[in-house]
Structure formats: C-alpha cells, structure tokens
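Listed next as structure tokens is one chain, alone, in the form predicted alone.
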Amino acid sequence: MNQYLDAALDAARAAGALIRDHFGRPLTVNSEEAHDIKLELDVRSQALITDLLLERFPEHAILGEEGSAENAATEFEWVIDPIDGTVNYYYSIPHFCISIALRKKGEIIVGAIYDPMRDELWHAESGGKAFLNNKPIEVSQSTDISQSVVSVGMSKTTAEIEVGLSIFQDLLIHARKCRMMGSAALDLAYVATGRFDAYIERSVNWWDIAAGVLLVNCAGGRLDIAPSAVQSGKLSVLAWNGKIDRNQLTSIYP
C-alpha cells in the first residue's frame, strides 16, 4: 500500500466515524434548496479530511464539494466528496459515503470510497486491482441488458429531468431492474463490485465520481465520461461491466 492510498483510507475512516456518530441526530442546515441540502457536517467532514491529507502532504492541492485549496505548483490534487448522498443522510436513509481520490497531472492514481453504515471500504490504485474490505472485486458477468440491474442518477434541472426520464423509461423496458439510489460514488462502487451492471448519470461533478471511476476501471469495467450536455461545467457518465455490448446501451444512453 503506497503512502497516498494509506492517507486516503485513514481520512475516509476518520470522516466516516464523524458522520456515523451524527447519523439520526439533529443536524445544522447551512442551506436548503428545492432539491438539495447543504449541511454544516459536510463542511466539517471535508475540513477533517483536508487537514489529515495536508498534514501529510502540505504541498498538495484540494478540489472538494465544500471548497478547494489550489496550488498551481503541484502536480497532485485530492478530489473529495465529504458526504456523497447528503439528502439520504439528512433523512436518516443509511445510503451515503465518503469519496476521496488523488489525481497526478490529471490522472486518477488512488481512490477510496467508504460507507460507514455498512463498514464497507473500497480502494484501488492505478494499474492494480479494486478491493472491498481488502478482498479483490470485479464487475458482473452479465452480457445482456435484459439480465442487468442499472442505477440512474438524475439532477433536478428541467433539461435533466426530461432526458433522465427518457433514459429511465427505456431502462424499465429493457433492463431486469432499475434503481435510483442517491449516491453517485456508491453507484460506481456497486458497479465495481458487481452489484450493479451499469450506472448512468448526465450531470455530475468530479468529486462525485473520481474515486469510483478508478474502482470501475481496476475492477474490469468500462466508462464513458464527457462534458454534460444538460448542465454546463458538469460531466456525463456511463459506467458498465464492459461485457454488455455498448450498442445495447446506445438506445438508452446516446
């Protein structure tokens, strides 16, 4: 285990303990929008992660949902989502996680995702295998969309709702089952573990997916990532096991 992965795992566990201890308790809401919630605990979780990482690597940069620490002189950047699935967390739905990745010159080299409620810790290093609680994992063996369970993420802009509902309708017809879980990072971790056969979302941020992208790659899956066509500045993601023919997905995800 390299020093960067070791630091990511330690920070994920520490943040996981923090948010697990506050689960189900009264929470301070920093801002509340029509379809989203920002918690004071999001900020505290990211501050904890940032402090732990910069204590070890003070020259590194930080890109996070709750703010960034830029450093143009470094080639290393940590990409952090301190609570991915905040709305689930706020409503005491135990499906959320911490996501931490490290990029070197833009390439993701380390990834860790921690679900503190199930005590499930995923990790991967570039060029290696993906692991769940230190056991190797791989993507599913499904070869046809009709055999698959697919998760769909959907932001709440009007354009995204129209596109997302179209994708969801196709999935209801063609896939065995479709799900909307509320955590992009866990969706990707589940693809890497073979729990889902694919994950689709048209509007996400790098901090939502960076660690999961590495997990899926290291677990033998495939990804298509492009600038979002429905929300400027965000990304469109298709992750799947690589065994289902991409052409089967084109009607669902053009």
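Bear in mind that the values here come from a model prediction, so they are computed numbers and not experimental data. Numbering starts at 1 and runs along the sequence shown.
The following text describes the form predicted together with D-MYO-inositol-1-phosphate (IPD), which does not appear among the structures shown.
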query: Residue contact check: I83 to D-MYO-inositol-1-phosphate (IPD) in the predicted bound form, 4.5 Å heavy atom; finding: yes
query: 4.5 angstroms heavy atom contact with D-MYO-inositol-1-phosphate (IPD) in the predicted bound form for L132; finding: no
query: 4.5 Å heavy atom contact, D36 to D-MYO-inositol-1-phosphate (IPD) in the predicted bound form; finding: yes
query: D-MYO-inositol-1-phosphate (IPD) contact at L41 in the predicted bound form, heavy atom, 4.5 Å; finding: no
query: D-MYO-inositol-1-phosphate (IPD) in the predicted bound form: contacted by all of S148, T193 and D197, heavy atom 4.5 Å; finding: no
query: One residue of I167, I109, M154, L121 in contact with D-MYO-inositol-1-phosphate (IPD), assessed in the predicted bound form (non-hydrogen atom, 4.5 angstroms); finding: M154
query: Listed residue that, although D-MYO-inositol-1-phosphate (IPD) is not shown, lies within 4.5 Å of it in the predicted bound form (heavy atoms), from A175, A184, V79, V139; finding: A184
query: Listed range touching D-MYO-inositol-1-phosphate (IPD), judged in the predicted bound form by heavy atoms within 4.5 Å, from 99-107, 175-183, 69-77, 140-148; finding: 175-183
query: Stretch 196-215: residues contacting D-MYO-inositol-1-phosphate (IPD) in the predicted bound form, 4.5 Å heavy atom cut-off; finding: E201, S203, V204, D208
